[in-house]
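Below you'll find only one chain, the form predicted alone, shown as structure tokens.
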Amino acid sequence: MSSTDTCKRTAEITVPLAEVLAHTEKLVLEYQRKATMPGFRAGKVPLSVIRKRFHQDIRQQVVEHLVPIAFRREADAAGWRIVGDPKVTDIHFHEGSPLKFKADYEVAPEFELGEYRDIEAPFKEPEVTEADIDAHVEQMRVQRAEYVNIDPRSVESGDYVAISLNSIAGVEGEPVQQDEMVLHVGGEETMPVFSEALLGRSPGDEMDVEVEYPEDYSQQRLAGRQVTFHLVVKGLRRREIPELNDEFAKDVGDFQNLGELRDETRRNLLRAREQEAQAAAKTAIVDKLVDTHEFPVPQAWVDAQIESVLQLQLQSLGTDGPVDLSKLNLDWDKLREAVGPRATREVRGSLILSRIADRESIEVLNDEVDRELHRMARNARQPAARLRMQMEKDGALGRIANQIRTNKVLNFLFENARKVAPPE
């Protein structure tokens, strides 16, 4: 076996002649029991005829059966931590000789775990000001605004216009369609191309609008695409925002007055900002751990991470469940070049976190998995038992446990980090 500074290895393996002959003879007898040939009773075809008639089939089955057994036996004896399936080449199989082959494979990396406590992490306890609360409550008011019809006229800047929208080019799969949506002409939240197209129009007018979306657009289905929409002006609206008083607080939720609404808003904002600040600190910690732990990563794991990222992107485009990537015309060499470095860092980070979990005896309890399962079931609005059955079928319960374990490790690292003020 040869070894390099990567996870790739090569082994030359020999299957003893006695083992080859024994399995060959076993297959010959099986073929004899099943074979039916003219002039012979079932199961009574001479072995010499069987060997000659089914020579190629028996030979292929000997290789298919003995090669993986021999490889696994060699790996177990040597203690190789195999990743993925080996690539078998240079098969030498001649009558009266042992079976020989070469196997190219990858092994899990071995590395020394460096220091992971007292890592410097940017973190500042978040604050929520009265102005923050004012802005958030004002946003609630705007979200609960009602749009009242006004008399038809030409659209002017600042108007609220009800339109129907349907994509007619540039979108894969189902078209983007809205029977009625209200746009604020000239507003900051409205793309200028829509405002320009609507100015001067009147209810009943129809038009096609070509929109070029930036690469970082929030909806990945539209990001980086040039999409043509067909618009119909349905009418003009006047926005009426509810008054800010105790009645508004009662309408928003289970609040007795505006003061209770503001208190809850403060708590929610603070909790969200704490989560965001901690997430940024944890990301920085993992980045530093990856930077200080240099070791090779199996390409099989990197490819699996790339595939996972692609599946998430496809799901964000509205695909129903996992997609068979082998059926897509993907250039894996370009994908590895573009996404490979990031995927490699993510795999290396996962391995480091797993090693820390082992060192610190961080484990996942069944109750923790059950709580997460019930939370997911509530969000999906389906019975927890049904979701569990589906996840057991898909092998997803293990992934939930792994994610919980990872989160516990990240919390441990954050608690033991040295917090410093983040850059302004």
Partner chain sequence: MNYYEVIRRPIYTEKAVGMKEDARTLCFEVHVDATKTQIAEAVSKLFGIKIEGIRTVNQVGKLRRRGRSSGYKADWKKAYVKLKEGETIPEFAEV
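Residue numbers count along the first chain shown, from 1. Model, not experiment: these values are computed from the prediction.
Although it is not shown, the form predicted together with the partner chain is what the next lines describe.
Put simply, R41 is close to the partner chain in the predicted bound form: some heavy atom of it is within 4.5 Å. Not displayed here, the partner chain is kept clear of P383 by more than 4.5 Å at the level of heavy atoms in the predicted bound form. Interface membership of S48, defined by any non-hydrogen atom within 4.5 Å of the partner chain in the predicted bound form, is confirmed. Contact check for K52: a heavy atom falls within 4.5 Å of the partner chain in the predicted bound form. Residues of just one listed stretch (33-41, 371-379, 56-64, 353-361) have heavy atoms within 4.5 Å of the partner chain in the predicted bound form: 33-41.
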